[in-house]
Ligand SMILES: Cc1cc2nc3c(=O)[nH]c(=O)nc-3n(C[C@H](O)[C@H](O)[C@H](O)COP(=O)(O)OP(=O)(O)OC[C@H]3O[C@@H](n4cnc5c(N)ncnc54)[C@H](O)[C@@H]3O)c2cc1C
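Okay, here we've got a single chain as structure tokens, the form predicted on its own, with questions on binding and movement later.
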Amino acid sequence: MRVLNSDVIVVGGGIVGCSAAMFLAEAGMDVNLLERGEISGEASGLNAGSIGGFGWGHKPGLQEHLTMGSLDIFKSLQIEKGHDIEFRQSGSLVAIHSPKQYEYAQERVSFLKSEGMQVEILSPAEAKSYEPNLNSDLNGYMYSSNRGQADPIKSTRAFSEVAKRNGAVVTTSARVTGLEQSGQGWIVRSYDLVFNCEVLLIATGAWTSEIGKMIGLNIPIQPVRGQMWATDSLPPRIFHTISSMESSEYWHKNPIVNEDSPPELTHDRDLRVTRHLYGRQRANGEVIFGGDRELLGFDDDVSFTGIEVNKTHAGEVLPFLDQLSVTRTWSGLMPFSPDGLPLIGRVEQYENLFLATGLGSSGFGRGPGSGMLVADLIVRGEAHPALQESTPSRLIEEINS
């Protein structure tokens, strides 16, 4: 049995855990990161790679620190730290398919501008000057310049590499098999390895509730399946991240599909209630799109019916996609919370226990900001004011034995 000591143990090798480990190591802390599989092996490596928000605004809150903060961190990772993560601040275009969606988009843009955000509605002709292959028969497009894209696997692994360069130890194939508090610190077991640490950070995404049960906590994170598809590699045809207003307009009026679900799903059990769309063209030329959000437990099998619906939706925005075949599909599990807000901060039931999870479908785009904020809390012992919106105590309960 090997016993290893460190200041902080980070459980979870996704975008949140790896970025948190990087910031902790850069602050001079002795860090061990444990990942049950491989770095970026789950949702952090399976998503579309979309980044950013609508700007910092007049009064930045949690969302701005997560979206725009992450955008700045991705920029730094590529430009200052020298990692090629295929980052581009490409901007985004959101397709508006109907008069009802257009009315909602006008209201949303008006509100966002009043808050100091950079966003506008473009006519189809204006949008085609940015993205020539868009459908000119739609009602319009919402444009934001503060959106970007990067390769999910390269990005997550780059955060891990920077963490290691600053002294962190990253251990893969290290499933946590036991947790217990020892004084004010923690003992973490992974098969024949034993880790002693002063601080424990749980950043385990859709599997957080399973970790919580080990220490008698109900952490109400539910796994939600998302799925994607790709074409063969093509010459450059898509230059922005692309999405649709359809789901946003629906969720604005109907955020909860049933009493047992987290907000903003595409399905009420077996019934589809809306279509959701996001995608881009990767640096290797593949066009990738996805969208469904289904509450199916830990079932991550691909639904080809859902893939067909999503491809049809994408073709309404970019008609040339109708002529292309799907060459591969995949899926992943995203961590959704009951109120749609993340859980980032100190867990009050234990000493020196911290949590960073519940980022929903935008874990990649908001992950580095989450890692930075929770690392800052651990290092300074004082939470950034933005974390008042994400305090874990609002949702976590002890499990009665």
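Remember, it's a predicted structure, so these values are computed and weren't measured experimentally. Quick note: we count residues from 1 along the sequence shown, nothing fancier.
Below: the form predicted together with the named molecule, not depicted.
Student: Pick the stretch from 44-52, 342-350, 58-66, 372-380 whose residues have a heavy atom within 4.5 Å of the named molecule in the predicted bound form.
Tutor: Residues of 44-52 come within 4.5 Å of the partner.
Student: Tell me, out of L134, L71, I211, V119, which residue has a non-hydrogen atom within 4.5 angstroms of the named molecule in the predicted bound form.
Tutor: Only one listed residue qualifies here, and that residue is I211.
Student: Could you confirm whether S92 comes within 4.5 Å of the named molecule in the predicted bound form, counting heavy atoms only?
Tutor: S92: no contact with the named molecule in the predicted bound form.
Student: Indicate whether the named molecule has at least one heavy atom within 4.5 Å of a heavy atom of V31 in the predicted bound form.
Tutor: V31: no contact with the named molecule in the predicted bound form.
Student: Taking any heavy atom pair closer than or equal to 4.5 Å as contact, tell me whether Q227 reaches the named molecule in the predicted bound form.
Tutor: Yes, contact at 4.5 Å.
Student: At 4.5 Å between heavy atoms, is L355 in contact with the named molecule in the predicted bound form?
Tutor: Judged by the heavy-atom cut-off of 4.5 Å, L355 is well away from the named molecule in the predicted bound form.
Student: For the stretch 276-298, which residues lie within 4.5 Å of the named molecule in the predicted bound form by non-hydrogen atom distance?
Tutor: Contacting residue: only Y278.
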